[in-house]
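Before any questions on binding or motion, here is one chain by itself as structure tokens, the form predicted alone.
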């Protein structure tokens, strides 16, 4: 995995040549004799593209067997959504020893924001999650310094223009839960977007908590800082 979460992709013959120390032209004979298996099937094409999650064996000996990892984590306040930081504790520091190796964050939260984070070592999956052509809805709960009115609902539904970037946000669904709290549903994540939108009303966001990304809802059994793997049902329905 590269630093940006880009999965390594390479030709099968190049991988086998470098792993077992044979010349690439000799790999063809290994494939022809059925000695190489890729994901449980005999591999035949030398130019077949594999990645870091491909299960590859030679004569029954495992050459590579890395599993894709998908985690949900309940981010506490005061933790950085980063893999490394020289000054602050990161979400990777919350994981068990050695568990965070190769993981990156799919959708960050601010230092003081809390709630659902997704972590993975699968760069294609996280890029699909962030793809603007396939927007995934995110749900947040916020508490505000000043009372809410119906003016907020209308303004958020229309979208807001941010002159610095010269962009207009997509419509945001705002549901007032109480005088000082609301639930927001949006399909993008501009820089400090929620805080800036409430800033138009000079209303300070006191707490910001993410409760869902797509069909994946933060597990109520997870306390702050705790995590668990995503279920297959969550993975299948996320997009």
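The structure presented is a predicted model; accordingly, all values stated were derived computationally and were not measured. Numbering follows the first chain given and starts at 1.
If you look for the form predicted together with a small molecule, you will not find it shown, but the lines that follow are about it.
S.K.: Can you check whether residue 113 is within 4.5 Å of the small molecule in the predicted complex, heavy atom basis?
M.R.: So residue 113 counts as contacting the small molecule.
S.K.: Looking in the predicted complex, any heavy atom of residue 195 within 4.5 Å of the small molecule?
M.R.: Answer yes; at least one heavy atom of residue 195 falls within 4.5 Å of the small molecule in the predicted complex.
S.K.: Mark residue 208 yes when one of its heavy atoms lies within 4.5 Å of a heavy atom of the small molecule in the predicted complex, and no otherwise.
M.R.: Flag for residue 208 set to yes.
S.K.: Is residue 109 near the small molecule? Define near as a heavy atom within 4.5 Å, in the predicted complex.
M.R.: Residue 109: yes, in contact with the small molecule in the predicted complex.
S.K.: Looking at 36 to 44, 50 to 58, 186 to 194, 166 to 174, which one sits within 4.5 Å of the small molecule in the predicted complex if you count heavy atoms only?
M.R.: Of the options, only 186 to 194 has residues within 4.5 Å of the partner.
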